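Next comes just one chain, in structure tokens: the form predicted on its own.
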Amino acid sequence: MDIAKSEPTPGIIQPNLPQHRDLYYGGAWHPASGDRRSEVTSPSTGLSLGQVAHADAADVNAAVAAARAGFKVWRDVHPNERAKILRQIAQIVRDNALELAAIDAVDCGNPVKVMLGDADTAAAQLDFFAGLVTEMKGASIPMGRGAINFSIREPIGVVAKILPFNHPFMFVAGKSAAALAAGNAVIVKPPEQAPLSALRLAELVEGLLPAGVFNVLPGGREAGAAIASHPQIAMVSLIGSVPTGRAVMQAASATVKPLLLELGGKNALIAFADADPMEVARAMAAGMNFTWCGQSCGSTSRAFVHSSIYEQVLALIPDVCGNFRPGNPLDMATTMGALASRQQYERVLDFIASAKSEGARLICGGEVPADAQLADGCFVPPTVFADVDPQMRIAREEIFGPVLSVMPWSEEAAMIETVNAVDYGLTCSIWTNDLDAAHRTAVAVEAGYVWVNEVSKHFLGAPFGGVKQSGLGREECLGELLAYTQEKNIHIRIRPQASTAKTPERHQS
């Protein structure tokens, strides 16, 4: 059944799906090579959302050629003019926020209400980087009176963005902002599971940027591999899993291109004995991002709770998690959506089964919803396991689903060692009223982004990124803008002024 042909339901927002389903590059729409197409389905219903062009290596070549031509125009546009255009795009995003949110809701499964927040975030990132265009500064180096030496920053060229399924539109629009502000052309490969909002954005901004500056190539692994290895793509930015990051690094190594990688996380929430149990319980739920089914690299999916408040916190968890109930993502009242695909759904259920078989104590969730209206969707309720051993699968591997592991601790050094024992290092949330403990722990944990008495939130201007296998580089800050530039040094020798004094005439005696 095609969702576009289904009957409207009162109280449910109807998505306005994009009209164009082809590849967008060079300022125009193109069929995929061999007219290849793939089916897109809604994870909340299993209904078809129609077909979308499926790019291959030949399409990547064509898009890169168009992007290189666009880059040669865009790099010479005055930075303040580039900023003006980015602000226009930000306003377009705000004006169409509900429409874009509904597309993502039906396409990736997240509730439309929180997808409205994603549109706001994307617009804010566009405005933020528009405001930084004059900060692409070089430096001068003292050389004495005989020379001038200085550096300038130039855009790097064609930048490719390979993006995931958890926040499709926010990543397509917001994560393109820094690269565009710096003067680069951008090729976006939206998630294979949820490409529709990227195509709709291309429709909305068509004609605003020079042809070839913003390009959208829906596709799968073949397109991603072709992008990563392409000799005329100057830089690749990826948000995705660690295995995908490794594959992109390997492919990019052939052309020694720089990378910006935001990869997986198995992040810790640490609660000290003096923390308020209710605050901790609420933070555990908020940090898990249950609204979008825990599908976030930054989710704090391991909670280390001091043994003195451990059982108090666990007793509060069912009620706190009860605020997140799976439902139709297009209903503004829905507080928890669906997992993005059937494959991801089966993977999460497998992790839950393994936790049960390994002896973890189930606190809430753990079973698919009984509601018949949700039977065809990829719904899993908030699932919390206690008494988790650090060697269990759910404590070691990134699930990317609504499954939280809770562990008691009593000895700080041993707890820190366990927190740092995984290969990931993206975020960490610390809960305590002890300033010394907060500082000590923030320094000790191996993570790139640390909250104290806060969780989940991002702050524009604050560098976001991971350590270890959670990624390379920092985003959402000036450093991200500069990452899309290359520094060029210029040395000028100043010739000494030629003498203008006249030679005195000789007189014969």
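The first residue of the shown sequence is 1; numbering continues from there. Note that the structure is predicted; figures quoted are calculated from it, not measured.
What comes next is about the form predicted in complex with a small molecule, which does not appear here.
Highlighted residues 241, 262 and 398: every one comes within 4.5 Å of the small molecule in the predicted bound form, counting any heavy atom.
Not displayed here, the small molecule is approached by residue 225 to within 4.5 Å at the level of heavy atoms in the predicted bound form. Using a 4.5 Å cutoff between non-hydrogen atoms, residue 165 counts as a contact of the small molecule in the predicted bound form. Taking non-hydrogen atoms only, residue 191 approaches the small molecule to within 4.5 angstroms in the predicted bound form. The small molecule is not drawn, but in the predicted bound form it has a heavy atom within 4.5 Å of residue 221. This chain is drawn without the small molecule; in the predicted bound form, the residue among 385, 171, 431, 310 with a heavy atom within 4.5 Å of it is 171. This chain lacks the partner; the member of 355, 182, 275, 297 within 4.5 angstroms of the small molecule in the predicted bound form by a non-hydrogen atom is 297. Shown alone, this chain has one stretch from 375-383, 408-416, 98-106, 182-190 that lies within 4.5 Å of the small molecule in the predicted bound form by heavy atoms: 182-190.
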